[in-house]
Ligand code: ACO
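Next comes just one chain, in C-alpha coordinates: the form predicted alone.
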(Lines give C-alpha, C1' and ligand atoms only; values in the text may rest on other atoms or scores of the structure.)
Protein backbone atom coordinates (compact mmCIF):
# COMPACT_ATOMS: atom_id res chain seq x y z
CA UNK A 1 0.00 0.00 0.00
CA UNK A 2 1.14 3.56 -0.71
CA UNK A 3 0.59 4.41 2.93
CA UNK A 4 2.57 1.41 4.12
CA UNK A 5 6.26 0.62 4.22
CA UNK A 6 8.51 -0.89 1.60
CA UNK A 7 11.83 -2.64 1.88
CA UNK A 8 13.64 -0.46 -0.66
CA UNK A 9 11.51 2.67 -1.14
CA UNK A 10 10.37 5.48 1.16
CA UNK A 11 7.29 7.63 0.61
CA UNK A 12 6.98 11.08 2.18
CA UNK A 13 4.08 13.50 1.74
CA UNK A 14 4.27 17.26 2.14
CA UNK A 15 1.50 19.26 3.76
CA UNK A 16 0.52 22.91 4.08
CA UNK A 17 1.40 24.98 0.98
CA UNK A 18 2.99 21.90 -0.62
CA UNK A 19 0.04 19.58 -0.06
CA UNK A 20 -0.25 17.22 -3.01
CA UNK A 21 3.52 16.78 -3.35
CA UNK A 22 4.72 13.23 -2.67
CA UNK A 23 8.37 12.26 -2.45
CA UNK A 24 9.33 8.78 -3.67
CA UNK A 25 12.81 7.96 -2.41
CA UNK A 26 14.89 5.02 -3.60
CA UNK A 27 16.18 3.73 -0.30
CA UNK A 28 19.29 1.58 -0.65
CA UNK A 29 21.84 4.25 0.30
CA UNK A 30 24.50 1.70 1.25
CA UNK A 31 24.42 0.56 -2.41
CA UNK A 32 24.03 4.05 -3.87
CA UNK A 33 20.41 3.08 -4.59
CA UNK A 34 21.40 0.44 -7.13
CA UNK A 35 18.28 -1.32 -8.33
CA UNK A 36 17.67 -4.83 -7.00
CA UNK A 37 14.76 -7.02 -8.11
CA UNK A 38 13.00 -6.12 -4.84
CA UNK A 39 13.35 -2.40 -5.59
CA UNK A 40 11.72 -2.96 -8.99
CA UNK A 41 8.82 -4.84 -7.41
CA UNK A 42 8.43 -2.16 -4.74
CA UNK A 43 8.42 0.66 -7.29
CA UNK A 44 5.78 -1.09 -9.39
CA UNK A 45 3.52 -1.18 -6.33
CA UNK A 46 4.34 2.40 -5.32
CA UNK A 47 3.54 3.91 -8.71
CA UNK A 48 0.36 1.87 -9.10
CA UNK A 49 -0.88 2.94 -5.66
CA UNK A 50 0.04 6.62 -5.99
CA UNK A 51 -1.67 6.84 -9.36
CA UNK A 52 -5.06 6.75 -7.63
CA UNK A 53 -3.96 8.29 -4.33
CA UNK A 54 -6.03 11.45 -3.77
CA UNK A 55 -3.30 12.93 -1.56
CA UNK A 56 -0.80 12.80 -4.42
CA UNK A 57 -1.01 15.31 -7.25
CA UNK A 58 2.67 15.44 -8.11
CA UNK A 59 5.55 13.01 -7.60
CA UNK A 60 9.24 13.74 -7.00
CA UNK A 61 11.61 10.83 -7.52
CA UNK A 62 14.94 11.03 -5.70
CA UNK A 63 17.44 8.89 -3.82
CA UNK A 64 18.50 8.45 -0.20
CA UNK A 65 22.04 9.37 0.81
CA UNK A 66 24.67 10.48 -1.69
CA UNK A 67 23.20 8.90 -4.82
CA UNK A 68 20.16 9.24 -7.05
CA UNK A 69 20.59 5.79 -8.60
CA UNK A 70 23.77 3.87 -9.49
CA UNK A 71 22.00 1.64 -12.02
CA UNK A 72 21.17 -2.04 -11.72
CA UNK A 73 22.61 -3.99 -8.79
CA UNK A 74 25.28 -6.12 -10.50
CA UNK A 75 25.10 -8.91 -7.95
CA UNK A 76 21.38 -9.14 -7.21
CA UNK A 77 19.96 -8.25 -10.63
CA UNK A 78 22.57 -9.85 -12.87
CA UNK A 79 24.82 -12.51 -11.34
CA UNK A 80 22.29 -14.06 -8.96
CA UNK A 81 19.66 -14.35 -11.72
CA UNK A 82 21.93 -15.65 -14.48
CA UNK A 83 20.72 -19.24 -14.03
CA UNK A 84 17.19 -18.41 -12.92
CA UNK A 85 15.30 -17.57 -16.14
CA UNK A 86 11.87 -17.29 -14.57
CA UNK A 87 13.06 -14.94 -11.84
CA UNK A 88 15.12 -12.96 -14.36
CA UNK A 89 12.09 -12.53 -16.61
CA UNK A 90 9.95 -11.34 -13.70
CA UNK A 91 12.59 -8.85 -12.55
CA UNK A 92 13.16 -7.60 -16.11
CA UNK A 93 9.44 -7.03 -16.60
CA UNK A 94 9.18 -5.07 -13.35
CA UNK A 95 12.28 -3.05 -14.20
CA UNK A 96 10.92 -1.90 -17.55
CA UNK A 97 7.36 -1.50 -16.33
CA UNK A 98 7.97 1.10 -13.63
CA UNK A 99 10.97 2.86 -15.16
CA UNK A 100 9.47 3.45 -18.58
CA UNK A 101 6.09 1.96 -19.41
CA UNK A 102 4.47 3.39 -16.28
CA UNK A 103 6.59 6.42 -15.52
CA UNK A 104 6.88 7.93 -19.01
CA UNK A 105 3.11 8.39 -19.32
CA UNK A 106 2.28 8.69 -15.61
CA UNK A 107 -1.00 10.63 -15.22
CA UNK A 108 0.53 12.99 -12.65
CA UNK A 109 3.52 15.31 -13.11
CA UNK A 110 6.87 13.76 -12.22
CA UNK A 111 10.13 15.47 -11.28
CA UNK A 112 13.51 13.76 -11.01
CA UNK A 113 15.55 15.43 -8.25
CA UNK A 114 19.06 14.17 -8.96
CA UNK A 115 20.91 14.54 -5.69
CA UNK A 116 24.04 12.54 -6.53
CA UNK A 117 25.35 9.62 -8.58
CA UNK A 118 23.24 8.70 -11.64
CA UNK A 119 24.73 5.84 -13.62
CA UNK A 120 23.73 3.21 -16.17
CA UNK A 121 20.17 2.01 -15.77
CA UNK A 122 19.35 5.07 -13.68
CA UNK A 123 19.22 7.07 -16.93
CA UNK A 124 15.98 5.35 -17.95
CA UNK A 125 13.80 6.67 -15.14
CA UNK A 126 15.62 10.01 -15.28
CA UNK A 127 14.53 10.45 -18.90
CA UNK A 128 11.05 9.06 -18.23
CA UNK A 129 10.30 11.78 -15.66
CA UNK A 130 8.68 14.93 -17.04
CA UNK A 131 11.24 17.25 -15.46
CA UNK A 132 14.74 16.82 -14.06
CA UNK A 133 16.66 19.10 -11.71
CA UNK A 134 20.17 18.10 -10.69
CA UNK A 135 22.76 19.22 -8.20
CA UNK A 136 25.64 20.86 -10.05
CA UNK A 137 28.05 18.36 -8.52
CA UNK A 138 25.92 15.29 -9.24
CA UNK A 139 27.85 12.66 -11.21
CA UNK A 140 26.48 11.01 -14.35
CA UNK A 141 27.84 8.27 -16.56
CA UNK A 142 27.20 5.25 -18.74
CA UNK A 143 30.06 3.07 -17.56
CA UNK A 144 28.90 -0.19 -19.15
CA UNK A 145 31.45 -0.04 -21.98
CA UNK A 146 34.24 -0.05 -19.41
CA UNK A 147 33.37 -3.51 -18.12
CA UNK A 148 32.36 -5.30 -21.26
CA UNK A 149 28.67 -4.66 -21.95
CA UNK A 150 26.53 -2.07 -23.72
CA UNK A 151 23.86 0.16 -22.14
CA UNK A 152 21.15 -2.47 -22.45
CA UNK A 153 17.67 -2.87 -21.10
CA UNK A 154 16.03 0.29 -22.40
CA UNK A 155 18.86 2.72 -21.63
CA UNK A 156 20.18 3.21 -25.15
CA UNK A 157 16.72 3.86 -26.59
CA UNK A 158 15.80 6.30 -23.82
CA UNK A 159 19.13 8.05 -24.34
CA UNK A 160 18.57 8.59 -28.05
CA UNK A 161 15.07 9.88 -27.33
CA UNK A 162 16.46 12.51 -24.97
CA UNK A 163 19.74 13.57 -26.61
CA UNK A 164 21.13 14.32 -30.06
CA UNK A 165 22.70 11.23 -31.58
CA UNK A 166 26.23 12.65 -31.34
CA UNK A 167 25.91 13.13 -27.58
CA UNK A 168 24.24 9.76 -27.04
CA UNK A 169 26.96 7.88 -28.94
CA UNK A 170 29.72 9.82 -27.17
CA UNK A 171 28.40 9.02 -23.70
CA UNK A 172 27.68 5.36 -24.48
CA UNK A 173 30.98 4.63 -26.28
CA UNK A 174 33.41 6.54 -24.05
CA UNK A 175 31.94 5.79 -20.62
CA UNK A 176 32.92 9.36 -19.76
CA UNK A 177 31.54 10.78 -16.52
CA UNK A 178 30.17 14.31 -16.28
CA UNK A 179 28.56 16.60 -13.74
CA UNK A 180 25.18 18.28 -13.39
CA UNK A 181 26.33 21.38 -15.27
CA UNK A 182 27.20 19.29 -18.31
CA UNK A 183 23.93 17.36 -17.94
CA UNK A 184 22.12 20.69 -18.23
CA UNK A 185 24.24 21.78 -21.19
CA UNK A 186 23.37 18.67 -23.21
CA UNK A 187 19.73 18.90 -21.98
CA UNK A 188 19.71 15.62 -20.11
CA UNK A 189 18.26 17.67 -17.24
CA UNK A 190 16.28 20.90 -17.30
CA UNK A 191 18.37 22.67 -14.73
CA UNK A 192 21.47 22.23 -12.57
CA UNK A 193 21.65 24.15 -9.31
CA UNK A 194 23.97 24.32 -6.30
CA UNK A 195 23.43 21.34 -4.03
CA UNK A 196 22.15 23.49 -1.16
CA UNK A 197 19.46 24.90 -3.49
CA UNK A 198 18.36 21.58 -4.99
CA UNK A 199 15.37 20.85 -2.77
CA UNK A 200 14.29 24.51 -2.82
CA UNK A 201 14.33 24.63 -6.64
CA UNK A 202 12.48 21.32 -6.88
CA UNK A 203 9.76 22.51 -4.52
CA UNK A 204 9.45 25.79 -6.43
CA UNK A 205 8.76 23.88 -9.65
CA UNK A 206 6.34 21.58 -7.82
CA UNK A 207 4.44 24.55 -6.39
CA UNK A 208 4.09 26.06 -9.85
CA UNK A 209 2.66 22.82 -11.22
CA UNK A 210 0.34 22.29 -8.25
CA UNK A 211 -1.42 25.57 -9.09
CA UNK A 212 -2.40 24.31 -12.52
CA UNK A 213 -5.39 22.29 -13.65
CA UNK A 214 -4.40 18.61 -13.16
CA UNK A 215 -6.44 17.33 -16.10
CA UNK A 216 -4.85 19.86 -18.42
CA UNK A 217 -1.39 18.88 -17.17
CA UNK A 218 -2.13 15.20 -17.75
CA UNK A 219 -3.47 15.74 -21.26
CA UNK A 220 -0.65 18.09 -22.21
CA UNK A 221 2.02 15.64 -21.07
CA UNK A 222 0.55 12.75 -23.03
CA UNK A 223 -0.07 14.88 -26.12
CA UNK A 224 3.44 16.33 -26.31
CA UNK A 225 5.13 12.99 -25.71
CA UNK A 226 2.96 11.08 -28.18
CA UNK A 227 3.20 13.47 -31.15
CA UNK A 228 6.98 13.49 -31.18
CA UNK A 229 7.26 10.29 -33.21
CA UNK A 230 4.27 10.56 -35.59
CA UNK A 231 3.88 12.31 -38.98
CA UNK A 232 2.59 15.88 -39.03
CA UNK A 233 -0.91 15.18 -40.35
CA UNK A 234 -1.47 12.38 -37.84
CA UNK A 235 -0.18 14.65 -35.10
CA UNK A 236 -2.69 17.36 -36.06
CA UNK A 237 -5.58 14.88 -35.95
CA UNK A 238 -4.38 13.43 -32.66
CA UNK A 239 -3.99 16.83 -31.00
CA UNK A 240 -7.46 17.87 -32.08
CA UNK A 241 -8.95 14.69 -30.64
CA UNK A 242 -6.88 15.04 -27.46
CA UNK A 243 -8.12 18.61 -26.97
CA UNK A 244 -11.73 17.48 -27.23
CA UNK A 245 -11.11 14.61 -24.84
CA UNK A 246 -9.49 16.97 -22.34
CA UNK A 247 -12.47 19.34 -22.36
CA UNK A 248 -14.76 16.39 -21.69
CA UNK A 249 -12.59 15.02 -18.87
CA UNK A 250 -11.93 18.40 -17.22
CA UNK A 251 -14.60 18.59 -14.52
CA UNK A 252 -13.63 22.11 -13.44
CA UNK A 253 -14.06 23.55 -16.96
CA UNK A 254 -10.68 25.21 -17.07
CA UNK A 255 -10.95 26.48 -20.65
CA UNK A 256 -14.22 28.29 -20.00
CA UNK A 257 -13.02 29.73 -16.69
CA UNK A 258 -9.73 30.94 -18.11
CA UNK A 259 -11.44 32.60 -21.08
CA UNK A 260 -14.09 34.20 -18.86
CA UNK A 261 -11.50 35.61 -16.48
CA UNK A 262 -9.58 37.01 -19.47
CA UNK A 263 -12.45 38.25 -21.65
CA UNK A 264 -15.16 39.15 -19.13
CA UNK A 265 -13.62 39.81 -15.73
CA UNK A 266 -10.30 41.12 -17.06
CA UNK A 267 -8.71 39.39 -14.06
CA UNK A 268 -6.41 37.03 -15.91
CA UNK A 269 -3.49 37.55 -18.29
CA UNK A 270 -2.41 34.41 -20.17
CA UNK A 271 1.32 33.86 -19.91
CA UNK A 272 1.57 35.45 -16.45
CA UNK A 273 0.47 32.49 -14.36
CA UNK A 274 -2.52 30.14 -14.10
CA UNK A 275 -6.14 31.21 -14.10
CA UNK A 276 -7.76 31.51 -10.66
CA UNK A 277 -9.05 28.20 -9.36
CA UNK A 278 -11.34 27.84 -6.35
CA UNK A 279 -10.33 26.04 -3.16
CA UNK A 280 -12.69 23.22 -4.11
CA UNK A 281 -11.03 22.81 -7.49
CA UNK A 282 -7.58 22.71 -5.93
CA UNK A 283 -8.56 20.05 -3.38
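Just so it is clear, the structure is predicted and the values come from calculations on it, not from any experiment. Positions refer to the first chain, counted from 1.
Beyond the structure shown, there is the form predicted in complex with acetyl coenzyme *A, which is absent from this document and is the topic of what follows.
Among 129-137, 100-108, 185-193, 69-77, which stretch has residues whose heavy atoms lie within 4.5 Å of acetyl coenzyme *A in the model of the complex?
That would be stretch 69-77.
Do residue 30 and acetyl coenzyme *A share at least one heavy atom pair within 4.5 Å in the model of the complex?
Output for residue 30 is yes: heavy atoms within 4.5 Å of acetyl coenzyme *A.
Using a 4.5 Å heavy atom cut-off, state whether residue 143 contacts acetyl coenzyme *A in the model of the complex.
Flag for residue 143 set to yes.
Contact with acetyl coenzyme *A in the model of the complex for residue 165, defined as at least one heavy atom pair within 4.5 Å: yes or no?
Residue 165: no, not in contact with acetyl coenzyme *A in the model of the complex.
Is residue 149 close enough to touch acetyl coenzyme *A in the model of the complex, meaning at least one heavy atom pair within 4.5 Å?
Within the cut-off, so yes.
So which of 246, 47, 58, 34 gets a non-hydrogen atom within 4.5 Å of acetyl coenzyme *A in the model of the complex?
Result of the distance check: 34.
Would you give me the residues of 115-129 that have any heavy atom within 4.5 Å of acetyl coenzyme *A in the model of the complex, in order from first to last?
Stretch hits, in order: 117, 119, 120, 121.
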